[in-house]
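Quick setup: one chain, the form predicted alone, written in structure tokens, and binding and motion questions come after.
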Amino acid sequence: MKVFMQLSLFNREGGLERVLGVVRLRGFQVMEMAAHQNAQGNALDVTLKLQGQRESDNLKQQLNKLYDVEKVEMFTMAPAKSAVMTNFSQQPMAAAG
């Protein structure tokens, strides 16, 4: 399962490391990461692309418990379902004319 997370966390020493530690302990692997300091310099806006086999709701709950984390938003990408066609007709189409 692929998960995209957007976090806002206070820009404190070790805050990002604590977030990444919880991600690892909950069985997710970081595929991509971007972090930007806000205009005031007191918070980081972090975007994570994660991959894992576990349920992502538990990860979100654990991240919300960290005192550094102000907000967590999560988006999951489920595998696309392919359309399966049944009842194929083998009748030839009539020629227009």
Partner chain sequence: MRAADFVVKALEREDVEFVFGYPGGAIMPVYDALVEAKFKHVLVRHEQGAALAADGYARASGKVGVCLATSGPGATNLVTGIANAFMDSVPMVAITGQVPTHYMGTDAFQETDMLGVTMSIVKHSFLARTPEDLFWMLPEAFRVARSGRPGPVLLDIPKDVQQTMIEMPAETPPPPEPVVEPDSAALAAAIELLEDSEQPIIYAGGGIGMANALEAFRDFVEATRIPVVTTLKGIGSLAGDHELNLGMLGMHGLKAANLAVQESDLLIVIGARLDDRATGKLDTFAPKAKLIHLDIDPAELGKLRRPAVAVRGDLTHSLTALRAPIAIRNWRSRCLIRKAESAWDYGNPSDDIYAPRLLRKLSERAGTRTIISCDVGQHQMWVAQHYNFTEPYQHLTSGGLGTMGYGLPAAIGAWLARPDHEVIVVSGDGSIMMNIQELATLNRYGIPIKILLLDNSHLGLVRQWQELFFEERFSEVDLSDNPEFVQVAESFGVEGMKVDHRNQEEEAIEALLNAKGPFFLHVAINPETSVWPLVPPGKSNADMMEGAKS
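Everything numeric here is computed off the predicted structure, so don't read it as measured data. Residue numbers count along the first chain shown, from 1.
From this point on, the text means the form predicted together with the partner chain, which you will not see here.
Proximity to the partner chain in the predicted complex holds for none of N38, N42 and D45, with the criterion being a heavy atom within 4.5 Å.
Interface residue remark: Q51 is not counted as part of the site for the partner chain in the predicted complex, having no heavy atom within 4.5 Å. Within 4.5 Å of some heavy atom of the partner chain in the predicted complex lies at least one heavy atom of E55. When contacts are judged by a 4.5 Å heavy atom cut-off, E17 counts as touching the partner chain in the predicted complex. Put simply, Q61 is close to the partner chain in the predicted complex: some heavy atom of it is within 4.5 Å. In the predicted complex, the partner chain lies beyond 4.5 angstroms of every heavy atom of every residue of 28-53.
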